[in-house]
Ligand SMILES: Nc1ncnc2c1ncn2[C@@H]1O[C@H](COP(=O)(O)OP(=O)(O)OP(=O)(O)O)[C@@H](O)[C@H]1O
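Read the single chain below, which is given as structure tokens and is the form predicted alone.
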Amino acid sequence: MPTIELRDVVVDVPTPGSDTPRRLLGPVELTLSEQRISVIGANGSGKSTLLRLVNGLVQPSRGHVRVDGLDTVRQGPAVRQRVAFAFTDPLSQLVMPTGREDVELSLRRRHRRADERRAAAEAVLARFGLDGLSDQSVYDLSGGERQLMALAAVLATDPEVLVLDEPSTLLDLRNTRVLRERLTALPQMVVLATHDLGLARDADRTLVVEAGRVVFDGPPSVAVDEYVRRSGG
């Protein structure tokens, strides 16, 4: 598995009308190397900021984030070749009219010829059981189908790490179950933020984030209990 290192990482943002910045996250000191890592916490706790550091969507105000030794600031393009990011709403990620076209777009650098690119896209979609939906408008797909289509598009380039920001938020129970099955079968390292405590428990390691700090780091079942306790449950 890849190794993700966060060393003395802080993320601050300007505060309007003040010289004192607002702290979104940190300081954070982590080494992540497990295959499945979940991140749980309340809305606004810093989960999404933590995840976006991993592929350089957010840059640290202080400290360093490295993926297998590659710095997310100085070597951002190389990091993003290894780390794929899937957003909560798949429609923010599916930019082409159909799923097949979106997967082909992901493959444009790997396969220059259109016929090779189409064949590779069809193989990816078949792997996700989406080949029968590949030419439908993404707006005609169900929420679960869109989420799987977005995953297929980001996984088409075979990244080493998949980062997901609350992937089950828009899904019903059946599609959440399908998503969990697909994620379990992936060979990639998966780092995900979620409010779904069942999905969180599927991990090998769980981080609890509160007020911009990692307040617990350990086994998923223990982490979920700690999160529930801190939430007053």
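Nothing here was measured: the structure is a model prediction, and the numbers come from that model. A residue's number is simply how far along the shown sequence it sits, counting from 1.
Just so it is clear, the following notes concern the form predicted in complex with this ligand, a form of the same protein that is not shown.
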Non-hydrogen atom contact R62 with this ligand in the predicted complex at 4.5 angstroms: no
task: Please run the contact check for R174 against this ligand in the predicted complex: heavy atoms, 4.5 angstroms, yes or no?
output: no
query: For V214, is any heavy atom within 4.5 Å of this ligand in the predicted complex, or not?
result: no
message: Can you tell me if L70 lies within 4.5 angstroms of this ligand in the predicted complex, counting non-hydrogen atoms only?
response: no
message: To verify the annotation, which of these, S38, S168, N55, S45, has a non-hydrogen atom within 4.5 Å of this ligand in the predicted complex?
response: S45
message: To test your reading of this chain, name the stretch in 27-35, 46-54, 200-208, 182-190 whose heavy atoms come within 4.5 Å of this ligand in the predicted complex.
response: 46-54
query: Taking this ligand in the predicted complex, which residues of 1-35 have any heavy atom within 4.5 Å of it?
result: V13, R22, L24
